[in-house]
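Below you will find one chain, with nothing else, as structure tokens; this is the form predicted alone, and questions on how it binds or moves follow later.
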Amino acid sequence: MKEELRILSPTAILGYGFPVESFRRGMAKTPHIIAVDAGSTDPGPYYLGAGVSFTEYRAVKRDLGIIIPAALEARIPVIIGSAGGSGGHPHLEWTLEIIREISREKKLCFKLAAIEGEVDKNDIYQAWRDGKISNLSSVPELSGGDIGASVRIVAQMGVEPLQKALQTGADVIVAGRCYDPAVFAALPIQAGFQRGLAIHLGKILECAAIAATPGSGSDCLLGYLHRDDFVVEPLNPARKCTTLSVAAHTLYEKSNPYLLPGPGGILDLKDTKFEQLAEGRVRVCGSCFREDEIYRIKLEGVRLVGYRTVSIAGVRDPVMIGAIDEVIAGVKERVRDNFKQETFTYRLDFKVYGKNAVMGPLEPNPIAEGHELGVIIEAVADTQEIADTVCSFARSTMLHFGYPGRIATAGNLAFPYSPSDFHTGAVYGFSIYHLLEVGAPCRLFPVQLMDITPGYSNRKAFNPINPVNPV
């Protein structure tokens, strides 16, 4: 076993970019692998449901156009997780097409492995009937209706499918929805390093230089994994890792400061220690992994909720600002009365920036103290036409709504744009956010190999029907 394994994380999310000079410094350290997370549920359920990426084509192509040629020249693998942002089939295909385009333009030849992350609804139905699906805390118990309403379901793979792809000798691995640390931990665990340390290092590397200070999601971070510890190092001299910055990122997105659940078990950080080293580096030791008796993975599914229209406006009248809650309540009642004979349903919401738009009812200081407010009027309905109708009526009602102390006879709202209403299209909500028991970690994640050549046709789409040893 190697005494040290070096992992280069170029950016927090593929498409967020990185300074070329930082990347060059990382490659000069002779990493054994380049790994990058490409997705998250942070942007919400829309992107999974719509089958589109929350990062842009040109930005992702720019990053991969630097990463892939450098890795091929150094003869080290590249692993990309949660392809296309959400890791469903269309997201995976989108990423593969970018890679094909890069290979054609740069005349690259390499072996590519694609791992499907989207799962069949019928398989989830069967697992639900067999009692193999459980709910996370604060998430309602799953129903058959939730499964039926889901337009797309992905499963969050662990390290094992990535390791299977590495065993094929693939130069580039593109995976569907992944447990974030998995792309960084797969090779080290396969090479015999401690699972707990490898996953904890992956937890730090997943957001790249965000774990440094000043933090940035658009800069590189290098990890050095050893038998009994790991070290993280920023690759931009303007940044440094501190025990505080690394420990803080360890706590990132965790409900329990000591335990981080993931596929197959829990990362236990009760004995973890952080040590400051010279040159802005930090050493970490003591992290361990506790395997579960039953291997579980997280499912993410979304359903179509309706269609959204929004209108953005500003309020400058101090009298209206003082009465904004009463005005909004009055507008809602007027809309309700106007459409009470209609059979359609809708949801009407007002977000008031400068008051409590960010935290809502949890806002500890709900009194508007500024001289102006920003108001977003949002209508969601079963069709775009109904959403347009409701938003338009709410906007015009608020524009001319009367309130005590009002002097002006002109409009109450200032609109920064014309047209004032925006059709934002389909709205999705999470329908599945549950745990699935699986008999084998790779069963749901077929791997397909492709030989990429400069003349590779963009019509040769990924076909998950021809997996490599899906056990």
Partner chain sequence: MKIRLIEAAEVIRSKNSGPYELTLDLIFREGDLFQRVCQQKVFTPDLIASLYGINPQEVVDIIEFFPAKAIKINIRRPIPSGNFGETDVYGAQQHAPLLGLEFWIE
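Remember, predicted model here, so these are calculated numbers, not experimental data. Positions refer to the first chain, counted from 1.
The form predicted in complex with its partner chain is left out here; the points below concern that form.
- The shortest heavy atom separation between Glu342 and its partner chain in the predicted bound form exceeds 4.5 Å.
- Although the partner is absent from this view, Pro140 contacts its partner chain in the predicted bound form, with a non-hydrogen atom inside 4.5 angstroms.
- Proximity of Lys240 to its partner chain in the predicted bound form falls outside the 4.5 Å heavy atom cutoff.
- Among heavy atoms of Asp171, none comes within 4.5 Å of its partner chain in the predicted bound form.
- For the options Lys254, His226, Arg281, Arg195, the residue carrying a heavy atom within 4.5 angstroms of its partner chain in the predicted bound form is Lys254.
- Exactly one listed residue, out of Ala329, Cys109, Leu277, Leu362, brings a non-hydrogen atom to within 4.5 Å of its partner chain in the predicted bound form: Leu362.
- Against its partner chain in the predicted bound form, the set Ile324, Arg336 and Gly411 makes no contact: no member has a heavy atom within 4.5 Å.
- Picking from 287-295, 125-133, 241-249, 392-400 the stretch near its partner chain in the predicted bound form, with a 4.5 Å limit on heavy atoms, gives 241-249.
- In sequence order, Arg347, Leu348, Asp349, Lys351, Ala357, Val358, Met359, Gly360, Pro361, Leu362, Pro364, Glu378, Val380 are the residues of 345-380 having a heavy atom within 4.5 Å of its partner chain in the predicted bound form; the partner itself is omitted from this view.
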